[in-house]
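Here we start with a single chain on its own, the form predicted alone, put down as C-alpha cells.
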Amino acid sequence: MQFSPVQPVRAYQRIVEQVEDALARGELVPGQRLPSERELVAQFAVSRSTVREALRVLESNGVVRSRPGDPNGPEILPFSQVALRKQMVRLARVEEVTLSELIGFRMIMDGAAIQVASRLRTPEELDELEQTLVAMRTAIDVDFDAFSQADLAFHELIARISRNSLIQTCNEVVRGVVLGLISDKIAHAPNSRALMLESLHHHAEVVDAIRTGNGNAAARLARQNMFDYYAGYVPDSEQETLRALIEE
C-alpha cells in the first residue's frame, strides 16, 4: 500500500478553520464580536503571534474587522462580494480555477438569468434594457472601460430582473475576475472596436428574444455571445468544453 504525503497544518490555520466553521454553523453571526486577543490566546492555547496571524488571515478574507486600540474583540462582518471576489481571484491566480472554467461558469449563470428574466420582465424593465443598449452604443465611441461599465449595467439589470440576488452576486464577481485577467488584452487589441460592436449586436439580439418571451433562444444567444467574445483567450484544447455549453 502506498500512503500519500502529509501536509503540515499550522496552528493559525486551525484557528481560521474553527472561526469559519462556527460562522457556517450559525454559532457566530455578523455584528457579533470574537473574544479579545488575550482570551483567544487562552482558549486556543497558542501564542499571541499565532492568534494575530489567524486574525490577519480572517481579516484578509473579509470575515472579521479589527480596529487598533479597540478593547473589544474583532467584529464578524456580513457577507460581501468583495470577500468572494478576493477568493475567486486567488483561485484563478494560483491556477486552481482556469480561465475557461470561469468563462464556462459565466455562460451557465448568465444564460440561466436571461432565461428567467425573459419570463419575469415587466414592460418598464424591458425599456431599461433598451436604455442599456443605448449606453453601450454610446460608450463604444469613448473607450473600452466605458463600454465595460455599460456592459456591466446590462448584466446587473438582467440579474435584478431574474429576482435572484445570488445570481446577481455570482455574475458580478465572476465577470469581474474574468475581466481582471484579460481586460487589458481586449482594450489594446487591434480589433477592440470591432469586438465591442459585435458584442453590442449580440446583446441587442438577446433583448429581442427577451421581448418576445423566448427564454431558450435568449439564453442560447447569450452563451454564444460569451463564447465568441472570450474563447480566443483560452487554449484550443479547452474551447470544445465551452462550445458544448452553448446548446445546453
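What you see is a predicted model; the values in this text were computed from it and never measured. Residue numbers here begin at 1 and follow the sequence given. We call the rigid core whatever largest set of C-alpha positions still superposes within 1.5 Å between the two forms.
The next section is about a form of this same protein that is not shown, the form predicted in complex with the DNA.
Peer 1: Choose one stretch from 124 to 132, 168 to 176, 71 to 79, 107 to 115: the one whose residues place a heavy atom within 4.5 angstroms of the DNA in the predicted complex.
Peer 2: Contact-bearing stretch, as computed: 71 to 79.
Peer 1: Find the only residue in Leu181, Ala187, Val57, Val46 having a heavy atom within 4.5 Å of the DNA in the predicted complex.
Peer 2: Looking at Leu181, Ala187, Val57, Val46 one by one, just Val46 meets the 4.5 Å heavy-atom criterion.
Peer 1: Examine Arg67 and determine whether its closest non-hydrogen atom to the DNA in the predicted complex is within 4.5 angstroms.
Peer 2: It does: once the DNA is placed as it appears in the predicted complex, Arg67 has a heavy atom within 4.5 Å of it.
Peer 1: With the partner left out here, check for me: in the predicted complex, does some heavy atom of Arg25 sit within 4.5 Å of the DNA?
Peer 2: So Arg25 does not count as contacting the DNA.
Peer 1: Using 4.5 Å between non-hydrogen atoms, is Arg38 touching the DNA in the predicted complex?
Peer 2: The answer is yes: Arg38 has a heavy atom within 4.5 Å of the DNA.
Peer 1: Report whether the minimum heavy atom distance between Asn214 and the DNA in the predicted complex is within 4.5 Å.
Peer 2: Result no; Asn214 lies far from the DNA in the predicted complex.
Peer 1: Can a Cα shift of no less than 2 Å be assigned to Arg56 between the shown form and the other one, given superposition on the rigid core?
Peer 2: After core superposition, the C-alpha of Arg56 moves 2 Å or more between the shown form and the other one.
Peer 1: Would you say Val16 moves its Cα by 2 Å or more between the shown form and the other one, aligning on the core?
Peer 2: Indeed, Val16 is displaced by 2 Å or more.
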